[in-house]
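One chain is shown next in structure tokens, namely the form predicted alone.
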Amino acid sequence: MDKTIAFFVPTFIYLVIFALNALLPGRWVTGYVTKVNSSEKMRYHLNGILIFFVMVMLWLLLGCYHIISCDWLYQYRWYELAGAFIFGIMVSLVVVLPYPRIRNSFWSDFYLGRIENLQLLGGRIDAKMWLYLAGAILLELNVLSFAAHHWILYGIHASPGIYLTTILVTYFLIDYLTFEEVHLYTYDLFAERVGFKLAWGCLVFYPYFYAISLWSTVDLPNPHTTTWLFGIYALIFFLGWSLSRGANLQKYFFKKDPEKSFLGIVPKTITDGNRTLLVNGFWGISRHVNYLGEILMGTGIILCTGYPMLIWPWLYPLYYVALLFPRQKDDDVRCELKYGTLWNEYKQKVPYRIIPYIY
């Protein structure tokens, strides 16, 4: 019976998040994306951080009152993954099939999506933002359950690295939802359509694969990592966070007010009279310095587990490499088409694509 319940748990959690996203109060903000066939910017109803804490508190209360085991999501993780897998496919079909085809291949349409931006209930639900929110919350519930499993196994002999990893992942998620509005200005929101890649990726890949650092290590004993190494690993994570968050915030503030400085950095730009590009600060380090930040954060998280020689956790930062390096090439092509010779001038001023002095 528990296995059957576990299969439907991700669907239930996602539906609860959908309801909370629609019903709980939130901020209405204007984003960067322009409505199709219009000059009007899209509006978004944002309450992700509130929903995050509501769901975490509900989960902790269930554990505290022994309604479920604190490590229940770990015990039945394979059945939940199967349920999320099916639900992710169903959602992908729902967001693709009703809309006109835009490519010759159905499978290309299914994977990449047809509609650019999908909003429901008068805009209270934005499909892209809900997908990221749902995946982030289930990821957090997973890592909390996985860490609880480690405590149940080892008690006072548990590995501090497991808890540090949990803290860093939690920080990563809280940070993302705290700066929810900033992500309205990122690649996913203005360049991608809603299809299997986004829907299944957020509902299945995000909450389960991103937990691989703990999934593959919580059953293992304390490796007795030297304490000062944890400081270095955490420093790698926060260096990555500084690059990623700093770059995204600088771009966000620049698009909101091109004259406003950020962290004391006065914007320097190049322009052709119609379009303008930022060429200093974080965006003067490399053309996609935020991607480097994501990779460093993933590396710091994996190292904190205390098992640097174990291959499975490394799939997490390697996934970022596999995702972001091709995306950088696609984005460069897109920017060259959009900005023309201005983009070539930017590349001369900022020659490095992701990693300064290397790539």
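Source: prediction; values computed, not measured. Counting begins at 1, following the sequence as shown.
Not pictured, yet referred to below: the form predicted together with a small molecule.
For a residue to qualify, one of its non-hydrogen atoms must sit within 4.5 Å of the small molecule in the predicted complex; all three of F190, S244 and L324 qualify.
Contact annotation for F18: none of its heavy atoms lies within 4.5 Å of the small molecule in the predicted complex.
Not displayed here, the small molecule is approached by C335 to within 4.5 Å at the level of heavy atoms in the predicted complex. In the predicted complex, at least one heavy atom of Y320 sits within 4.5 Å of a heavy atom of the small molecule. Proximity of N248 to the small molecule in the predicted complex: non-hydrogen atoms within 4.5 Å are present. L278 is the sole member of L278, I265, A127, L144 with a non-hydrogen atom lying within 4.5 angstroms of the small molecule in the predicted complex. For the options F196, F254, Y208, Y79, the one in contact with the small molecule in the predicted complex, meaning a heavy atom within 4.5 Å, is F254. Screening 59 to 67, 291 to 299, 305 to 313, 33 to 41 for residues having heavy atoms within 4.5 Å of the small molecule in the predicted complex returns a single hit, 291 to 299.
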